[in-house]
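Below you will find one chain, with nothing else, as structure tokens; this is the form predicted on its own, and questions on how it binds or moves follow later.
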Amino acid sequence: MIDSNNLTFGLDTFGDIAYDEQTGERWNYTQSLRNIVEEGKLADQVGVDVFALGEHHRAEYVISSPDTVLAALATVTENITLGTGVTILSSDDPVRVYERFSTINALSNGRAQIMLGRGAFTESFPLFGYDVRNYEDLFEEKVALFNELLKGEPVTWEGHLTQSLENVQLYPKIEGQLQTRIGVGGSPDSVIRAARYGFPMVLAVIGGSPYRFKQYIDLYKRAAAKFGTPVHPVGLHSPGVVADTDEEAREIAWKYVKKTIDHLIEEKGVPAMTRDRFEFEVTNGSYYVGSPETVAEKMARVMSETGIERFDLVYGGGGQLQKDRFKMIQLYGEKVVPRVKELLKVGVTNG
């Protein structure tokens, strides 16, 4: 049984641009960014542990520079951990990433957290001059360099796809350690990589049964034992909608999730979102949709049966009305999270 006193609950957003409930139109980019800062402030106020921002370089998302938004949040929040989900390290410069996050960490009094990932979309590669054919090699080399930089000492590094460094010290130095995680989408190689470097792992589970990912948690533990690295708590990142009632949450999720999936059909070749598939995901899959009680029961069940100790709910998928996003953050922090802890404390796994 997992310890309900040592759990972490986060809210993640990819920065989907919300809709104005008065006009029915999407907010402009300027207001969207300001709204996300307000969402982060609200998450902090209602006691959510982590607020994490994704990185996208596409028209329907407003966050291309999550660390800049986190820097803004660092000065207007008090307790919440400010993270990414994920920083696309493959198409970024590990030195600059270190410098940006050491700055956020200082501004937030040690509340910065970075999640490194390869990214599901590849727009950033040509945008920043990288060859997508080096997708895997870029990530492997840059994680290795970033791991050296995290030690906080002068670094000497011979780069192949990165710069070479000769006894270079980066500034500002991080006081303590920068919280660093690896986002994993289900590749065994990615799981083993996280264990090899001794990083905590967060599984991105956006469809299908969440229980099939238990094999990756077991693999992570076996790999960590083999490498002699720490076995950290494993996190899960999945989409959801919380509203006052199950019916309201389902209506919101169906409208906006379908829109998002349909938008990707041509581009990514993903299957169309049918009503049957949607209902499966809500009932047995990886969508956490419903009233606070419904969502809490499902989260508690999954966490208990998989041993997950961090749960990040991805909110705002497809945009949604701004008022519904604020409401969901409030319900998640004030009702869902306390109820999950309560259920896990008494060992309820079959809500």
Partner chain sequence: MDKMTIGILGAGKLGTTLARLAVAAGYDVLIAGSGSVEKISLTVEVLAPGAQAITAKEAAKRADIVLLALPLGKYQTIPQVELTGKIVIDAMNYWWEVDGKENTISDFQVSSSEVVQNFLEDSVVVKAFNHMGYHDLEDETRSVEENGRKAIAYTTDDVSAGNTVAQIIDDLGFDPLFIGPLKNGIILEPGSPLFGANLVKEDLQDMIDHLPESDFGRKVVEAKEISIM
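Predicted model only: the values in this text are computed from it and were never measured. Positions refer to the first chain, counted from 1.
Keep in mind that the form predicted in complex with its partner chain is not shown, yet the notes after this line are about it.
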Open item on the list: I'd like to know if residue 197 sits close to its partner chain in the model of the complex, meaning any non-hydrogen atom pair within 4.5 angstroms.
Closed with: no
Open item on the list: So in the model of the complex, is its partner chain close enough to residue 139 to count as touching (4.5 Å, heavy atoms)?
Closed with: no
TODO: Report whether the minimum heavy atom distance between residue 216 and its partner chain in the model of the complex is within 4.5 Å.
DONE: yes
TODO: Mark residue 263 yes when one of its heavy atoms lies within 4.5 Å of a heavy atom of its partner chain in the model of the complex, and no otherwise.
DONE: no
- [ ] Could you work out which of 152, 110, 186, 159 is the residue within 4.5 angstroms of its partner chain in the model of the complex, going by heavy atoms?
- [x] 186
Open item on the list: Under a 4.5 angstroms heavy atom criterion, identify the one residue in 173, 96, 268, 275 near its partner chain in the model of the complex.
Closed with: 268
Open item on the list: So, a 4.5 angstroms cut-off on heavy atom distances: do all three of 132, 212 and 222 pass it with respect to its partner chain in the model of the complex?
Closed with: yes
Task: Option from 165 to 173, 87 to 95, 230 to 238, 186 to 194 whose residues, in the model of the complex, bring a heavy atom within 4.5 Å of its partner chain - done: 186 to 194
